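Given next, in structure tokens, is a single chain: the form predicted alone.
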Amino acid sequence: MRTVSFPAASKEYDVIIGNGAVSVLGTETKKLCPGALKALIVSETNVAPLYLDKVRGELEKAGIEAFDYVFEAGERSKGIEAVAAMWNKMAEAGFTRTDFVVGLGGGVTTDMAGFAAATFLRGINVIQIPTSLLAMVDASIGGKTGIDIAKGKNQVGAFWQPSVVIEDISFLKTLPDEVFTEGMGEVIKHAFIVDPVLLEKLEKANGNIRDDEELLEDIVSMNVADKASVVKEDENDNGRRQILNYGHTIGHVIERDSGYTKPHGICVAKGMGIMIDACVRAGSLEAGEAERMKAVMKLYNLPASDEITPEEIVSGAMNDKKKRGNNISVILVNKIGKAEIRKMTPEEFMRFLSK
């Protein structure tokens, strides 16, 4: 079992990673939430039948009365109605500021559980227990929480750091192959923007990491450390943290326009592929680097293209969180391991994509 420190400015916390890591939940609860009497476990219909009773049992052993809110699995549940139901559940149960929320599930779950915790009684503790690869390497860490609205993904939310994140690698065994593949979109993103060593490890593994528990734990730990190194410098996403959005400006538009039927990690991969091609056309990314990037995406069964047009991308990006005034923060990778933020007007972004 490994512990990676996540040094956010507002709250430093541990990310505990390993097979059977959920067994430390009771100990961590007593240490981090000593006055707690109640917890709301937020989960969804795919995950709850597998792990809800286990998590409830760990909490009850620590003397915590556990309540639960289980929503229909999928991005389309990620709205204000679900969060309002969580608030009401906690209010009816008499939760106080010493009580807490547990997010048990993938990225949709950890985003909503974190947002519910950030806003109930103006903020209570949240413990994240991610069950998907995407949530372990990205969604559950860093403190971004939120919900979707009709105009875009994660348009409403709050920065709210967890008290601890517990990543039980054994939970990944029950993931469908396509959900594991989706998570690789975020893993490979970290390799492209900050971690050439991670990229080499992925290439050496030749697409086979899922059945190697030690390798998988190592890769998850590297991703957590990569994200921590970026968030440490810019917790509130006004500067360098924006490089974590590589592929997301386009990916979010693809995801939204599909009615949230296309998986987030797949859409991010498509966005990265489109940006790789645009950088090659602009002459800023060498063809050999681009070929290497696309080869590792193919190795892990990720797409690198989409039929979306430049006009659709720019129109969608104007409603995205990455827009600042009349500028869009476009994330470029012109050399593996080195991402940059370039401010573009909509017209400049259109020309860049259409060149």
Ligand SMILES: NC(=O)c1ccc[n+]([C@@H]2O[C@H](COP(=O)([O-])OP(=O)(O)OC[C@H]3O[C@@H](n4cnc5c(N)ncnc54)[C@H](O)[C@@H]3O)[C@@H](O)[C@H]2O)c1
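Small disclaimer: the values here were computed from a predicted structure and weren't measured. Note that residue numbering begins at 1 and tracks the sequence as displayed.
Omitted here: the form predicted together with this ligand. The next part is about that form.
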Each of Leu202, Tyr246 and Ala304 near this ligand in the model of the complex, meaning some heavy atom within 4.5 Å? no
In the model of the complex, Glu44 touching this ligand (heavy atom, 4.5 Å): yes
Contact flag, Leu50 vs this ligand in the model of the complex, heavy atom cut 4.5 Å: yes
My question is simply whether Leu134 lines the interface with this ligand in the model of the complex - judged by any non-hydrogen atom within 4.5 Å. yes
Considering non-hydrogen atoms and a 4.5 Å limit, does this ligand approach Asn154 in the model of the complex? yes
Exactly one of Gly239, Gly283, Gly94, Pro176 has a non-hydrogen atom within 4.5 Å of this ligand in the model of the complex; which residue is it? Pro176
Among the candidates Ala73, Ala228, Met222, Leu215, the residue which, in the model of the complex, approaches this ligand to within 4.5 Å (heavy atoms): Ala73
Please name which of the stretches 273-281, 193-201, 137-145, 79-87 has residues with heavy atoms lying within 4.5 Å of this ligand in the model of the complex. 137-145
If you apply a 4.5 angstroms heavy atom cut-off, which residues in 86-120 are near this ligand in the model of the complex? Gly106, Gly107, Val108, Thr109, Asp111
